[in-house]
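A lone chain, given as structure tokens: the form predicted on its own.
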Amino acid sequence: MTTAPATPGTATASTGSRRRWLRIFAHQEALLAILIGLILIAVVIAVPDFWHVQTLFNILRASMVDLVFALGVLLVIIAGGIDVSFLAVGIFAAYLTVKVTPMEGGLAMAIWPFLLALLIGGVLGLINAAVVISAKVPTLIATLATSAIFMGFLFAVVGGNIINTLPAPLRLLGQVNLVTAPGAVRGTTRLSVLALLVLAVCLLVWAFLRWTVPGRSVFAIGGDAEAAARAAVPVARTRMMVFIIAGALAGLAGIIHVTLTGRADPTTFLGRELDVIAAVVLGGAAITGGKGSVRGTFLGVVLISLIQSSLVPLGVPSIWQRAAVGVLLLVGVVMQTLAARSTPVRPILDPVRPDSEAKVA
């Protein structure tokens, strides 16, 4: 028995169809936006009362802290590393800030705890950079070790008790709302004014990556560190800058969380690394470095928050939230693999096509 060979026309059509599907997977941000829309439609059909301004505020509040954490993780991943110490840095900076901030003061004094948390986070990020660069240790192992050291120092030296009464400036800031609206059942629902701070941070990180030479250098060292060094990019200095900024962002996320919740708990972030890293990868950040965007990270964080908020109304036990996030992380990695296959590699000796020159121009 013999098999008839495929005709050239059939093979060409099959290849073209496959490439079209691969190009669809390459637009990861668009797929995320579509997925968010489909989940919203499915939940609203199943639970008509789900979509309310209170639900929107709940998702935004849940996304604020994770988004600031995710922006720091995004920078490290673009630079070619994986940081798992950001939650330890965040709670360390926030808890120590609350401990040393005077209990009395007005609303205007709230700027000082925020600046202090940024500073502490930046210093802890500098320690991460020193370990990674000087000892030439992989970022995953280095930050795993420093995370344990930071948490051990926090519990042993700074303190491990929950602080239920914050300094007055942070308490006052936590009561300032950007929008107040009627609740779904009774009372009111609020969106904190700190949402504006998170928006400003997103715009700053976006502008840094898109418009500044150090920001473009982060992509360069993540894509190919050796080639970047040959192009006179200061690789070690850029990596140090990335870890310092990531640490400062983690400190900021920690103090925002403490201000919103009204308490400082050293164990508050335990086990949440997966949510943040999954959001960044789902947003299109290449786990191998050199690629990522603030817009994709925002969509990834919103998707994770939406899924966590919608499972319980749909009757799915909350214990399945972790499994759902893990599945999403796998989906994100698979999508990246498929997207990479859609980008053909052209041998350097091949002539450049005229349409390629037009696209570059």
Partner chain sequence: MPSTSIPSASPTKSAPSKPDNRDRALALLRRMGARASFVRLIVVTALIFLTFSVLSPGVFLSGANFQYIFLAAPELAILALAISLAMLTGGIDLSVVAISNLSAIMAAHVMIGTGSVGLGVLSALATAGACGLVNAFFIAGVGVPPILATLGTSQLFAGLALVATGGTVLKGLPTSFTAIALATFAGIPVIFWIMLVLALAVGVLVAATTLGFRMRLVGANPRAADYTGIRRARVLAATYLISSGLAGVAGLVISARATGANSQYGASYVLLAIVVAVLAGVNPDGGYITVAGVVIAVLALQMLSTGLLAVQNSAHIVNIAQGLLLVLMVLLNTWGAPLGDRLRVLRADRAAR
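Positions refer to the first chain, counted from 1. A quick note: this is a predicted structure, and the numbers were derived from the prediction, not measured.
Same protein, other form: the form predicted in complex with the partner chain, not shown, and the subject of what follows.
Residues of just one listed stretch (90 to 98, 226 to 234, 138 to 146, 193 to 201) have heavy atoms within 4.5 Å of the partner chain in the predicted complex: 138 to 146. Highlighted residues Ala156, Leu274 and Val333: every one comes within 4.5 Å of the partner chain in the predicted complex, counting any heavy atom.
By the criterion of a heavy atom within 4.5 Å, Ser134 is counted among the residues contacting the partner chain in the predicted complex. Of the heavy atoms in Ile287, some are within 4.5 Å of the partner chain in the predicted complex. Taking the partner from elsewhere, Ile45 is found to have every heavy atom lying beyond 4.5 Å of the partner chain in the predicted complex. Residue contact check for Pro214: none of its heavy atoms lie within 4.5 Å of the partner chain in the predicted complex. Only one of Leu56, Leu38, Val312, Ala323 lies close to the partner chain in the predicted complex, with a heavy atom inside 4.5 Å, and it is Ala323.
Distance criterion of 4.5 Å from any heavy atom to the partner chain in the predicted complex singles out Gly152 from the list Pro182, Gly262, Pro102, Gly152. Residue Ile82 is the only member of 68 to 107 with a non-hydrogen atom no more than 4.5 angstroms from the partner chain in the predicted complex.
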